[in-house]
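So this first bit is one chain, no partners, the form predicted on its own, shown in structure tokens.
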């Protein structure tokens, strides 16, 4: 049996969640079949083939910007190929497509999944509920096919194994024009807005920053390090930084190469949004702060003393 992976791309670029979905699929130890649909996607298919046993390519410009079109194409492929599992990201696109497929095909669905376990031909998934306070296991009812959306940052793309699969190009499976939905265009972030999910280095501040007047200290450190300033929820609640900078279950899930947590206690809501970082360094004056349980390196001290020292040291190293 095969595991289908829906490959999400935008404006000619593969989205990170697509590689994470491939990683989740590989862990099921089955044939991994990636589905790439849209216009001029042959280059994307070649990149995906590196980590899949097979890539099904459906070329059609009508598919490229319409979730309803993607849904119809996947619907036809699932009925034809009958995969055991269909995996996609719990993104805005995945949250639109997956439930529609579940209803159209009458298939069981599990959303926002953080772990997938096949057991005796059945599928068990783990979901984080109650704002991350509880991890709950679910056994999906018996079915020929299961649909699963995965949470960003939970399945590392670093674990991907090379497969160098074959590419199969199929005729467009979009039988009719999609008339009830029309793509208008992508809305780009306003000038000055920051997408913290794309940053390699994040310097994140919490209550330990004490006052809005101290925010520039952390911002200077972030700029000196070539990173971006982010924060925990209290900083947004105080109005010291905009919502777009918030990390956590009620903010954004991030996975930078380096996450520097300054004065952040480490509540589970925040940790859930940043634990996918390659390296976590925490600074907190409380040696028992939960943030130290997920950090590779820690400094026990007042961040208002540490930040200027770190900034100066980075400047010296950079010359």
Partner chain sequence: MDVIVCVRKVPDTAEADVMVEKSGKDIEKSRLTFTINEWDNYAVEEAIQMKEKYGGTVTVVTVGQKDVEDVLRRSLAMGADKAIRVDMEDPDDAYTLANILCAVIKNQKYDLVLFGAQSGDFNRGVTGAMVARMLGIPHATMVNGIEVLDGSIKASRELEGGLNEIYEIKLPALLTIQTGINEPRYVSISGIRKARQKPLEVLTPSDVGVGSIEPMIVLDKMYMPPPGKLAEFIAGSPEEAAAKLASILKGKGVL
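Worth saying up front: this structure is predicted, and the values here are computed from it rather than measured. Under this definition, the rigid core comprises the largest set of C-alpha atoms superposing within 1.5 Å between the forms. Residue numbers count along the first chain shown, from 1.
Beyond what is shown, the protein has a form predicted in complex with its partner chain; the following relates to that form.
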{"property": "Position in contact with its partner chain when the complex is considered in the model of the complex, options 214, 156, 172, 128, heavy atoms within 4.5 Å", "result": "128"}
{"property": "Candidate from 82, 122, 166, 133 lying within 4.5 Å of its partner chain in the model of the complex - any heavy atom", "result": "133"}
{"property": "Proximity of residue 92 to its partner chain in the model of the complex, heavy atoms at 4.5 Å", "result": "yes"}
{"property": "Any non-hydrogen atom of residue 197 within 4.5 angstroms of its partner chain in the model of the complex", "result": "no"}
{"property": "Contact label in the model of the complex: residue 2 to its partner chain, heavy atom within 4.5 Å", "result": "no"}
{"property": "Its partner chain contact at residue 281 in the model of the complex, heavy atom, 4.5 Å", "result": "yes"}
{"property": "Segment that reaches its partner chain in the model of the complex - one of 290 to 298, 41 to 49, 54 to 62, 23 to 31, heavy atoms within 4.5 Å", "result": "290 to 298"}
{"property": "Its partner chain in the model of the complex - contacting residues of 302 to 319, heavy atom within 4.5 Å", "result": "305, 306, 309, 310, 313, 314, 317, 318"}
{"property": "Rigid core superposition, residue 147 Cα moves 2 angstroms or more between this form and the one not shown", "result": "no"}
{"property": "Core-aligned CA displacement of residue 17 at least 2 Å between this form and the one not shown", "result": "no"}
{"property": "After fitting the core, residue 36 CA displacement of 2 Å or more between this form and the one not shown", "result": "no"}
{"property": "In the model of the complex, shift in Cα separation for residue 256 relative to residue 151, 3 Å or more", "result": "farther"}
{"property": "Distance direction in the model of the complex for the C-alpha atoms of residue 51 and residue 259, relative to the displayed form (3 angstroms or more)", "result": "farther"}
